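In structure tokens, the next block holds one chain alone, the form predicted on its own.
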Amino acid sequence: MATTTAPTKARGRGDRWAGPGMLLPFSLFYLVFLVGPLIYTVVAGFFDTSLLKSGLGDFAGFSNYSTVLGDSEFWRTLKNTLWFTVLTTVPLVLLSLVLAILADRFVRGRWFFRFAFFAPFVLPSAVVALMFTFIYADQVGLAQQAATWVGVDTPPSWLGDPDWAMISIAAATVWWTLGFNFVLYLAGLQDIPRSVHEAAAIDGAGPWQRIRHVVVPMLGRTTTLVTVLQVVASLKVFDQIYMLTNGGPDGSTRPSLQLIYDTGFVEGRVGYASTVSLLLFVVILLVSLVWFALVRRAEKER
């Protein structure tokens, strides 16, 4: 009896440490690269920290916050970020839902649509920016030619006109990132039992009625996930704007993250940049919490 229980006890002690052992690498990564920088950002926001001198610098209290809140450039970049979020979130949620519903109706070849829509998402942002730099090029770009074909005599400068620059970048972002939401919706559609569709069809519901009253409500949690992820991603936009317009023309596309980058790494004002980072974090957190609260209330009313 003793010979059988000893290995069992040893194996039990080993199993007890298996979980924490597997979590240890991620925990270290999380502490070093996420929690640590976040604590430093919070602390640096109360100091006159600069890249040009060592240490945290002189204690500034809440002066950085008052300076940022009184800075018109902070509010302009935040407005640009919110405008970009609206321009991208709405089409990326609706288009991905519509395309996923259409692709789900194909029994054969579904893998092709999944690959075709998801393929652009794996492209690096530098590649996407280079592609659309040529597409939006004045006079010789594909977008200029397409506008001429549909009867526009003088097409706008897609990246040089303040009224069109952000819209053009948003359109490029929609093409680039549509596949991720598409795959999420397609996975949600495949989780809906076929028996539900068959029962709705037996009750006399047509294709549109089934989509409206069966498919869309059952995709509610997927829509919540897609919307929150998309809003957070859009509020953190930086790469494509920086490489396509560098925030121009006249700062009309400059997002909040570029203000943080320019202030912290170009001008060396780390304390000011840390303050802007924390305020942007609060905005993202508030938007996410408000959306979750609205969704939860809507689910309770059903």
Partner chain sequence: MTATATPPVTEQPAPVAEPRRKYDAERLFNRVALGVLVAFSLLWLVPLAWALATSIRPSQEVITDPTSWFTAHPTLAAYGDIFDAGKLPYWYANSFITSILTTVLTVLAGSLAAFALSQTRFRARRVAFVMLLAGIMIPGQVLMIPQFLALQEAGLLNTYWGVVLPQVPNVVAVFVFKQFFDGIPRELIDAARADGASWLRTYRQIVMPISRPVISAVTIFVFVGVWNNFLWPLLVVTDPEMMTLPVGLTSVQDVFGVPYAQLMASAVLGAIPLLAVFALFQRRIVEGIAGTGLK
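Quick caveat: nothing in here was measured; it's all calculated off a predicted structure. In this text, rigid core is short for the largest set of C-alphas that superpose within 1.5 Å between two forms. Numbering follows the first chain given and starts at 1.
Omitted here: the form predicted together with its partner chain. The next part is about that form.
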Report task. Classify Trp83 as contacting or not contacting its partner chain in the predicted bound form by the rule of any non-hydrogen atom within 4.5 angstroms, answering yes or no. Result -> no
Query raised in the report: According to a 4.5 angstroms non-hydrogen atom cut-off, is Leu285 in contact with its partner chain in the predicted bound form?
Result: yes
Query raised in the report: Is there a heavy atom of Arg221 no more than 4.5 Å from a heavy atom of its partner chain in the predicted bound form?
Result: yes
Query raised in the report: Going by a heavy atom distance of 4.5 Å, is Phe59 a contact of its partner chain in the predicted bound form?
Result: no
Query raised in the report: its partner chain in the predicted bound form: within 4.5 Å of a heavy atom of each of Leu95, Leu123 and Ala187?
Result: yes
Report task. Could you tell me which one of Ala137, Leu87, Ala147, Val214 places a heavy atom within 4.5 Å of its partner chain in the predicted bound form? Result -> Ala137
Report summary line: Across 157 to 187, the residues having a non-hydrogen atom within 4.5 Å of its partner chain in the predicted bound form turn out to be Val174, Trp175, Leu178, Phe180, Val183, Leu184, Ala187
Query raised in the report: Does Leu278 move its CA by 2 angstroms or more between the shown form and the other one when the core is aligned?
Result: no
